[in-house]
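Only one chain comes next, encoded as structure tokens, the form predicted alone.
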Amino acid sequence: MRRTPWMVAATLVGAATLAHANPFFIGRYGGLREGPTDPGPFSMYWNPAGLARPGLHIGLHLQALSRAATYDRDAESNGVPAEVADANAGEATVSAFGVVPAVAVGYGFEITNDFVMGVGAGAFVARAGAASWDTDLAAPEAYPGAVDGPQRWAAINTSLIIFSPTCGVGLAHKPSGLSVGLAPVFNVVTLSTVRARNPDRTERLFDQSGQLAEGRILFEDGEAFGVTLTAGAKWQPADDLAFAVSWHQGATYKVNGNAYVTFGVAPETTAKAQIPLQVPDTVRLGADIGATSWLVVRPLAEWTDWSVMDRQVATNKANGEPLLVIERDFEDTLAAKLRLDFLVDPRWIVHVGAGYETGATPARTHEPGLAESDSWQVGAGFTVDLSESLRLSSSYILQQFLDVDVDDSLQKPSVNGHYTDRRQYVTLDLEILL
């Protein structure tokens, strides 16, 4: 490699930390205004039926997010001998901060007295992740790879971005209040990851002859492309009542990249490699209910088909040899959220929200990379009309994942231990109405 046998110096790009209870989902356009009933410019993402309203609408979104997580690898449950516990057990930490922009534009016009058509375009990074685990500078020098931490058998550095330029069209029937929309999404995937590996998938540090056994596998510059669809419908029978549903199509991306492999002191090998990345279908339901003249209640529900993620196997494209096997066995997820909008005065709206989401990852396949447990979230924010044509929104959301204890890991090497995870989001949205 262009790196020592025990440390990989890889440049990884990423948009943000792994986020949301749908693994690596970070789309929070509009902050607490999110959802399929959203009438703003980012209906381009949430539900293209919302494009069907007259006028020009421009949305600028900026999201800052942070993550703090730990993995405490238990020596006993992972069968780590006492003499190497300092190298192969103990607590690993990761903390990260990212900023993610997005833009959406929509234009609607009346085509008859009864019908409004809208078209739009946008650029999103709805799914992304970057994680670089902290190094263990106190690791024993006798075991060079230990500086990457006890989680290195599952994750050292990872970067994933799915960039999704989108266009769409919406059509509304004014007398009935019914609108529908459709948007093709052009997804560009980039992926890089590096982790420790031995040929026999164990975690031994030295072989029987006393030579260094621990190596590294780097999957770098992975790329894929795919087109998916977003479709939705919205029914607004009255000004203070609306119901909506949207569907985001999933896909399995065959990510092609370069693999660099070193086992112990053996020479580096390189190969063209491929790894599947399964992204599931998602269905969202939402309603806007005007409870009083000053309160709007917005329940939201979400189902995501994460059971499509069974396992990931990176293979050598030349001969089909498996280079990396990651057990997933994910489960479908459900989310329930409640948003309350308080109309303080004609210009100001205060938002509060809470929710609970089930995690996709069962304990037996939990690991320090792409894995999440059940989580709860709370948030607050505001929307203010700066002028007749300019609106500003901001939200803060705290997401706390339930701690996970794993004692029956299916991963090889095993990753039994204690996991914690907390994430925070701040969103800023500027809406221009012309």
Partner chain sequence: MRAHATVAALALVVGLAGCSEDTPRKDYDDYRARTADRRANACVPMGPPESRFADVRGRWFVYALLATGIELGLRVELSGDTSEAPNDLQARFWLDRADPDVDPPLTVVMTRVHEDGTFVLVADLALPPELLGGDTTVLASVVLAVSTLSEHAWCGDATGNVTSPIVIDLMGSTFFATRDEVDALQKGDIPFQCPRVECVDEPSSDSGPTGDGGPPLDGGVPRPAAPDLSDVASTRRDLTGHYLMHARLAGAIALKLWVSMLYAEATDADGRVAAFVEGSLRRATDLPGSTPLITFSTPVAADGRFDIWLPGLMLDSPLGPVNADILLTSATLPVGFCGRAAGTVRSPITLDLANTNFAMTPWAPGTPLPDPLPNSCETAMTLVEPPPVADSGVADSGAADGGAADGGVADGGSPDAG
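Just so you know, these numbers come straight off a predicted model, no measurement behind them. Residue numbers count along the first chain shown, from 1.
Not pictured, yet referred to below: the form predicted in complex with its partner chain.
A heavy atom within 4.5 Å of its partner chain in the predicted bound form is found for exactly one of 184, 177, 290, 144: 144.
Note on contacts: among 207, 331, 91, 281, the single residue with a heavy atom within 4.5 Å of its partner chain in the predicted bound form is 207. At a distance of at most 4.5 angstroms from its partner chain in the predicted bound form, none of the three residues 34, 231 and 297 contributes a non-hydrogen atom. Between 126-134, 231-239, 169-177, 356-364, the stretch whose residues reach within 4.5 angstroms of its partner chain in the predicted bound form through a non-hydrogen atom is 126-134. At the 4.5 Å threshold, heavy atoms of residue 348 stay clear of its partner chain in the predicted bound form, well away from it.
None of the heavy atoms of residue 117 is located within 4.5 Å of its partner chain in the predicted bound form. In the predicted bound form, its partner chain sits within 4.5 Å of a heavy atom belonging to residue 260. When its partner chain is considered in the predicted bound form, residue 286 lies well away from it, no heavy atom lying within 4.5 Å. With contact defined as any non-hydrogen atom lying within 4.5 angstroms of its partner chain in the predicted bound form, the contacting residues in 321-353 are 321, 322, 323, 325, given in sequence order.
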